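Here we start with a single chain on its own, the form predicted alone, put down as structure tokens.
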């Protein structure tokens, strides 16, 4: 009851005209930042951090600037789906999984359904995570502390297990795609010895590794554009879009079909989000993989499956709130964006940690109240602006394709300010185009390059701790069950593949 009263007081403060206006402005800015390829919530929050000093000077408190930055964070989580669905370019790494089914659905003339499902799933994911955050913050913080290197590696192994099936029935090609992603993830300097690894032809640009957005924009921007040009070379195509009040209502009713993906994304996304150094990107990718794994129609994923949109969108919004939890209760950022938010709190004289809820309730509860307010504002703005988002799809592809190309170039350069990454992004896009022609699945490679840099240091640090004994992943009470489940999930598709091959060979023998 005390928590509810404190939350209501916080919501009242968040609804004050100044704070409400900052929340609306922050969500709009966040939507734009999230939708622009190469930006994302980290860039938006970091770029606008100096502006918060002006806000603090006007309001005289640290609450209003934090509400503004948190609203940008929320808006960016929503905004990433816009360009993923309408253009096929992930606005940020958190929206990569949304591209897998969002773009195919848009090409089927159902972009309005995809955008509505993304907005509503984001709203549900954000609301569920806000409620869990409010009620269980201290308890969940202690759970996050129990996750050491072996537990996080076991969780990453579970994620790898879920996307063995992302490439369809061709298991060898899927495993090859995963291995390619893992190899690309190791480019750069060794995290422990500091020795250079796979720096091709001694090109210094590879020393910082192959950055994820370079790969994502190359594959889903340039690669997708080349594929569309190739498949429509006998005439330019224009996506048919029917948008009206009736079609939006139909899309809202269609959201009921996405309950499973939304539930999985909301719960799994929040849980992954509270783990230090995880964040929304692994949460959205894992949720997509798990949703496909438990689906009755896994073959529909990648072709415009509604659960394939709902799961990652619910997950990245749930994870964004989850990542706030270790930042506020432990002083440990759960994602790159919350690391910037943590810096802002320290600058304003606040000390994140276990005592924050007791010593600074006038800051904590208005901020938590603003999470709810920003979530409502974001879903309203998203649904209201769907006709504007769909305007992009009405353009002929002869106009849209150069626009995608320019956005990919500008987005990559804006993210890293390095022309080497721009050229590498183009080469990755061309390579992705040829791999797609050869029918190699690209999603597993993209997911591997996301989780590889997280999994590798956790694996090596765990083995250093255990003197090279792999049993550490089986004997610890949390890591053990997760590792066993992951191994079972990895073996199941392989056993199915072997069984199908055996049955095929037996049928050939019987026919002869």
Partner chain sequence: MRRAEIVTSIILGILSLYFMWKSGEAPSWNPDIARFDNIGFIDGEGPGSGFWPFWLSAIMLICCIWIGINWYRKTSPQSVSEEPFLDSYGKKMLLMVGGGLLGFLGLIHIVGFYGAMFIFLFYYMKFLGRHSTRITLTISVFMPVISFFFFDIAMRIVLPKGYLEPLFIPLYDIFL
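From a predicted model like this one, the values you see are computed outputs, not experimental measurements. For the two forms, the rigid core is made up of the largest set of C-alpha atoms that agree within 1.5 Å on superposition. Positions refer to the first chain, counted from 1.
Not on display, but discussed next: the form predicted together with the partner chain.
Trainee: Hey, of 116-124, 403-411, 281-289, 299-307, which bit sits against the partner chain in the predicted bound form at 4.5 Å between non-hydrogen atoms?
Mentor: Selected range: 403-411.
Trainee: Can you pick out, from 358, 351, 204, 193, the residue that has a heavy atom within 4.5 Å of the partner chain in the predicted bound form?
Mentor: Of 358, 351, 204, 193, the residue with a heavy atom within 4.5 Å of the partner chain in the predicted bound form is 193.
Trainee: Considering the partner chain in the predicted bound form, which of 437, 384, 135, 346 comes within 4.5 Å of it through any heavy atom?
Mentor: Checking each option against the partner chain in the predicted bound form, the one that comes within 4.5 Å is 437.
Trainee: Checking a candidate spot here: are 153, 173 and 459 all in contact with the partner chain in the predicted bound form (at least one heavy atom each within 4.5 Å)?
Mentor: Yes: 153, 173 and 459 each sit within 4.5 Å of the partner chain in the predicted bound form.
Trainee: Give a yes or no for residue 468: in the predicted bound form, does one of its heavy atoms lie within 4.5 Å of a heavy atom belonging to the partner chain?
Mentor: Judged by the heavy-atom cut-off of 4.5 Å, residue 468 is in contact with the partner chain in the predicted bound form.
Trainee: Any chance residue 186 has a heavy atom within 4.5 Å of the partner chain in the predicted bound form?
Mentor: Residue 186 belongs to the contact set for the partner chain.
Trainee: Though only this chain appears here, would residue 198 touch the partner chain in the predicted bound form if you measure heavy atom gaps against 4.5 Å?
Mentor: Judged by the heavy-atom cut-off of 4.5 Å, residue 198 is in contact with the partner chain in the predicted bound form.
Trainee: Quick check on residue 388: any heavy atom within 4.5 Å of the partner chain in the predicted bound form?
Mentor: No, residue 388 is distant from the partner.
Trainee: Once you overlay the rigid core, does the Cα of residue 28 travel 2 Å or further between this form and the one not shown?
Mentor: After core superposition, the displacement of the residue 28 C-alpha between this form and the one not shown stays below 2 Å, so no.
Trainee: If you line up the core, does residue 472 shift 2 angstroms or more at its C-alpha between this form and the one not shown?
Mentor: It does shift by 2 Å or more.
Trainee: Determine whether the C-alpha of residue 462 shifts by 2 Å or more between this form and the one not shown once the rigid core is superposed.
Mentor: Indeed, residue 462 is displaced by 2 Å or more.
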